[in-house]
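To begin, one chain is listed below as structure tokens, in the form predicted on its own.
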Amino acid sequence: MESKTVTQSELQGIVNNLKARGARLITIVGADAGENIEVLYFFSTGVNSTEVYRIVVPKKGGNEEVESITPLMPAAYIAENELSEMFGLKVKGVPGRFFLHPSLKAPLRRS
């Protein structure tokens, strides 16, 4: 499945557009790609129709921030919290502590 790489500000507009078209968020997936954290957003846009958007977040020593899409699509809340906990990203507007014990720090993030 191909993804389209977009900026964080472009993603906000895309999500607004998808919401207006009746699309639904399927999930959000993170991946540590070495110097960057990649975040993929999967949307269902109809029967057998999926759109995938990717943002690339350069690592900055744990001070990376990602805009939340939860205000636009509330279903993103759990996935964004998981993204924050697993990769150490700060997702604006979500607490970032949901699943893991506070002693665990970003287990899916490479140093």
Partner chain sequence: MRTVVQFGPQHPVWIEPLRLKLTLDGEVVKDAELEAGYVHRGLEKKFEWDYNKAAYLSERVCAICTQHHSTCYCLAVEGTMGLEVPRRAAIIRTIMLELERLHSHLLAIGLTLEAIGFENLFMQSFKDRELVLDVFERTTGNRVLHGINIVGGVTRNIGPEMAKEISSFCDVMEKRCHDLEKMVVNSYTIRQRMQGVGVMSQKMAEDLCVVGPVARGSNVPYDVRAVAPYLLYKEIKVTPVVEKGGDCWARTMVRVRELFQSIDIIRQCLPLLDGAPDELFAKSRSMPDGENFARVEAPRGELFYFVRGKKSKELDRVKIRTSTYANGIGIVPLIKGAQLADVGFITITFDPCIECFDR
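Because the structure is predicted, anything quoted here is derived from the model rather than measured. Residue numbers count along the first chain shown, from 1.
What comes next is about the form predicted together with the partner chain, which is not displayed.
The partner chain in the predicted bound form is approached by R54, whose closest heavy atom lies within 4.5 angstroms of it. Although the partner is absent here, L25 lies within 4.5 Å of the partner chain in the predicted bound form, judged by heavy atoms. Interface residue remark: K4 is not counted as part of the site for the partner chain in the predicted bound form, having no heavy atom within 4.5 Å. Taking the partner from elsewhere, E64 is found to have every heavy atom lying beyond 4.5 Å of the partner chain in the predicted bound form.
The partner is not shown here, but in the predicted bound form the stretch 50-77 reaches within 4.5 angstroms of the partner chain through a heavy atom at T50, V52, R54, P74, A75, Y77.
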